[in-house]
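First, one chain by itself in structure tokens, the form predicted on its own.
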């Protein structure tokens, strides 16, 4: 997985953690255990009643053992989303 992340450095990514949290930010670095450094990051908190809240975090480190999925964000599509009107159940934790 680490070699695939090299293509995402300095790109906007979404990181979904094993407890169901969703972090968005610029991937600045990672190591062999997939510890991830995000800059200009925020967490998107989903709600079935009040839309998506964004919690600003700034520089954020995510431990590799908590990373479930990393994907690149298409910024042109993401900027057009009206997050205040998107309602969804929060993701649950991963079950092994």
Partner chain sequence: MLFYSFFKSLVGKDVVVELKNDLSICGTLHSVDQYLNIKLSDISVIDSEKYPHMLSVKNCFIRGSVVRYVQLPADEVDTQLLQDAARKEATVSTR
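We call the rigid core whatever largest set of C-alpha positions still superposes within 1.5 Å between the two forms. Residue numbers count along the first chain shown, from 1. Computed from a prediction, not measured in an experiment: that's the story for all the values here.
What follows is about the form predicted together with its partner chain, which we do not show.
Problem - Site check 9, 26 and 59: each within 4.5 Å of its partner chain in the predicted complex by heavy atom - result: The answer is no: none of the three residues contacts the partner (heavy atom, 4.5 Å cut-off).
Problem - Heavy atom of residue 49 within 4.5 Å of its partner chain in the predicted complex - result: Output for residue 49 is no: heavy atoms all beyond 4.5 Å of its partner chain.
Exercise for the section: Determine whether any heavy atom of residue 69 comes within 4.5 Å of a heavy atom of its partner chain in the predicted complex, and answer yes or no. Expected result: Residue-level check for residue 69: yes, a contact with its partner chain.
Problem - residue 40, heavy atom within 4.5 angstroms of its partner chain in the predicted complex - result: No.
Problem - Contact label in the predicted complex: residue 33 to its partner chain, heavy atom within 4.5 Å - result: Yes, residue 33 sits close enough to its partner chain in the predicted complex that at least one of its heavy atoms falls within 4.5 Å.
Problem - Heavy atom contacts to its partner chain in the predicted complex at 4.5 Å, residues of 78 to 96 in sequence order - result: In sequence order, 78, 81, 86, 88, 89, 90, 91, 92, 93, 94, 95, 96 come within 4.5 Å of the partner.
Exercise for the section: Superpose on the rigid core, then tell me if the C-alpha of residue 50 is displaced by 2 angstroms or more between the shown form and the other one. Expected result: Moves: yes, 2 Å or greater.
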